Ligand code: GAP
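So this first bit is one chain, no partners, the form predicted alone, shown in structure tokens.
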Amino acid sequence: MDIFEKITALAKRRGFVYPGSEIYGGLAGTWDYGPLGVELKRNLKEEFWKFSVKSRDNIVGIDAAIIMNPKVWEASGHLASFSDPLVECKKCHHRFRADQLEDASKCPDCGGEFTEPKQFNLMVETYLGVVEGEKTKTYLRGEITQGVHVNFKNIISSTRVKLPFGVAQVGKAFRNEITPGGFTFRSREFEQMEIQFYVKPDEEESMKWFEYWKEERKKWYLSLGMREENLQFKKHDQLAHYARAAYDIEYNAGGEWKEMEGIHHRGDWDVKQHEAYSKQDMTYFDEETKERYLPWTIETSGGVDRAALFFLMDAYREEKVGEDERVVLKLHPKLAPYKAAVFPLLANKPQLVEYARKIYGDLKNEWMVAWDERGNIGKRYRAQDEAGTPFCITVDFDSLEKDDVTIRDRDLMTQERVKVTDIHKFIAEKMK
């Protein structure tokens, strides 16, 4: 069983990710995040927001609409060129992306002959209006990027930002993928986390910012526990027509390097296109030089779903513990769905349960905390290991006399006695 299969099985078993609409046979390329998965994604997005907006003076946030005026997608080029080459097997009628086939001469499923490639637009269509036959066709956004650029002038006029400055956004995007797959790696509905960083139209200065954001984004993944040997930069040898430079941050997913985030120097393509199509002045007035110009953009664009998937892969371990084996997710405490789990040693002892419940309630005011009183302590530990919970807190009979608890470390499997009054401080220190 490869790592994708192991993570897929664990994700469903423990409530990280479920197949979308499963009771109706599912819908390819869609996924539902369960109780643990939604917390993991929420933690990821919160850490991204801290990194990009809360900790910086030169980046602001935005949350643009999913459905936009269709002219936005004309200006951005999505309606004309946002497509993949599609081929169909004449025998079994299965469809594939031509650029992802190892052997384009025959169908990998049945050996049949392919049709000629056709361009397949990835934009997902939708219709607005109340009268059938008079509805306006528009699109669910194929990326969240354009929502920033169309608000460039609004952001300047409503805030005090000055170049260089950035705009961060986290949000849903949709693509009519021909062949979704790799668990959540390629989906038809997904979330992105991006920074559009506007700089002066200067080659030297813009490339300094490009290199800066390359390294900053890699450091962010490392700061949340991802192993450095599983990350690499891949340079784009063939650039998009608007790009001045482009790199991907790739993750080693079971021996295959896969794109996790893109760092792109987009030049002035976006603001120039929206200026041309909207007939609105998109220039920036530089108060220092008294010049007007279209800014250049450095973009960092990562997938929340892909990051969540790769953090799960990176944290996954199968370890021998004595005669037993355990599956454990060594997630960074900042990302772990539950920061701690609280156990009464025995579920049939009301005084232990009551004491443990008080600790549980106190910790829940600050963090997501699990409660478990099922089975023996060993089984509870194993269940929390699979969930990625960093600390397990056990209330025993000594706790009633000494006001302390046993805290077990997920990764080291060591235990130490901690005063109840110090539990909060103990966890907070580990969260740094």
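Numbering starts at 1 and runs along the sequence shown. Because the structure is predicted, anything quoted here is derived from the model rather than measured.
Just so it is clear, the following notes concern the form predicted in complex with the named molecule, a form of the same protein that is not shown.
In the model of the complex, the named molecule stays beyond 4.5 Å of every heavy atom belonging to residue 88. Put simply, residue 268 is far from the named molecule in the model of the complex: not one heavy atom of it is within 4.5 Å.
The named molecule is not drawn, but in the model of the complex it has a heavy atom within 4.5 Å of residue 186. Although the partner is absent here, residue 76 sits far enough away that none of its heavy atoms falls within 4.5 Å of the named molecule in the model of the complex. With the named molecule omitted here, the record of contacts in the model of the complex names 189-197 of 351-359, 189-197, 278-286, 224-232, defined by a heavy atom within 4.5 Å. No member of the trio 169, 216 and 335 reaches the named molecule in the model of the complex with any non-hydrogen atom inside 4.5 Å. Out of the listed residues 302, 344, 295, 147, 302 is the one that sits within 4.5 Å of the named molecule in the model of the complex by at least one heavy atom.
With the partner omitted here, the residue from 331, 340, 253, 260 that has a non-hydrogen atom within 4.5 angstroms of the named molecule in the model of the complex is 260.
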